[in-house]
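The chain below stands alone and is given in structure tokens; this is the form predicted alone.
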């Protein structure tokens, strides 16, 4: 059931658990994130970071507990929620035998975007791929695919954008492009980003979360974080990964 309250809250996570057999990838995760916040999620390999993103983006159902994004339940309201979120992941979610332009037009049609050609042109220029618009995406480098996937995720102007290691595979120029796009839309959107780069994650975030073995080790607003203590806490989790 939808809730109309909590208008200033983007994410409400309560005792969220996701098990794979006997192993709990998420184990009682709880936190609230206000709208227009930027959450950086840190933790060792196997900490549950990607599982958390998959649950919050409706790609996995929780085993127990609840999660709401923009007041919508990730299970009961999944269809409506997908219209209001975007995801950039390790998988670019693009069709290799379509051109860059065809890929974006396809997704624009799925989202019911008005005047899709104009929006596609705008984003191809923003990620500096307009000169490759008619090339098949299977000819693109890893970094170019990542840039196009960023355009795909932004097409419908999502209210919440989930980023799973978005800087992975990007060259310095492409990283600058992504930084610029985030800066352009930051004030009107909520971000949740997984990162292994403490410097970049702390630079961008308004809130930080450390996961280890599926549990919340730390969740704090940026202004409350002592960087020395934060880095020490993070280092202490590195040996806590799950193979």
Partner chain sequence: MASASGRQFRAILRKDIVMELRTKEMLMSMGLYALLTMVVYFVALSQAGSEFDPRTIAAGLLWLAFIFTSLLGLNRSLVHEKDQGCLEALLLSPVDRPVIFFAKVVGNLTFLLIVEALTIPVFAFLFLQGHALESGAFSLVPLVMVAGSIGISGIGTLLATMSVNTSGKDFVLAMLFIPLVYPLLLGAVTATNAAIVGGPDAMMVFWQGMAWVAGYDVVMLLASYGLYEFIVGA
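Positions refer to the first chain, counted from 1. Only a predicted model underlies this, so the values are computations on that prediction, with no experimental measurement involved.
One more form of this protein exists, namely the form predicted in complex with its partner chain; it is left out here, but the text below deals with it.
In the predicted bound form, its partner chain lies farther than 4.5 Å from every heavy atom of residue 168. Shown alone here, residue 94 lies within 4.5 Å of its partner chain in the predicted bound form, counting heavy atoms only. Remark: residue 122 does not count among the residues lining its partner chain in the predicted bound form, judged by a heavy atom distance of 4.5 Å or less. Residue 127 falls outside the set of residues with a heavy atom inside 4.5 Å of its partner chain in the predicted bound form. Heavy atoms within 4.5 Å of its partner chain in the predicted bound form are found in exactly one of 57-65, 39-47, 182-190, 198-206, that being 57-65. Out of the listed residues 116, 143, 158, 71, 116 is the one that sits within 4.5 Å of its partner chain in the predicted bound form by at least one heavy atom. The three residues 221, 234 and 238 each lack any heavy atom within 4.5 Å of its partner chain in the predicted bound form.
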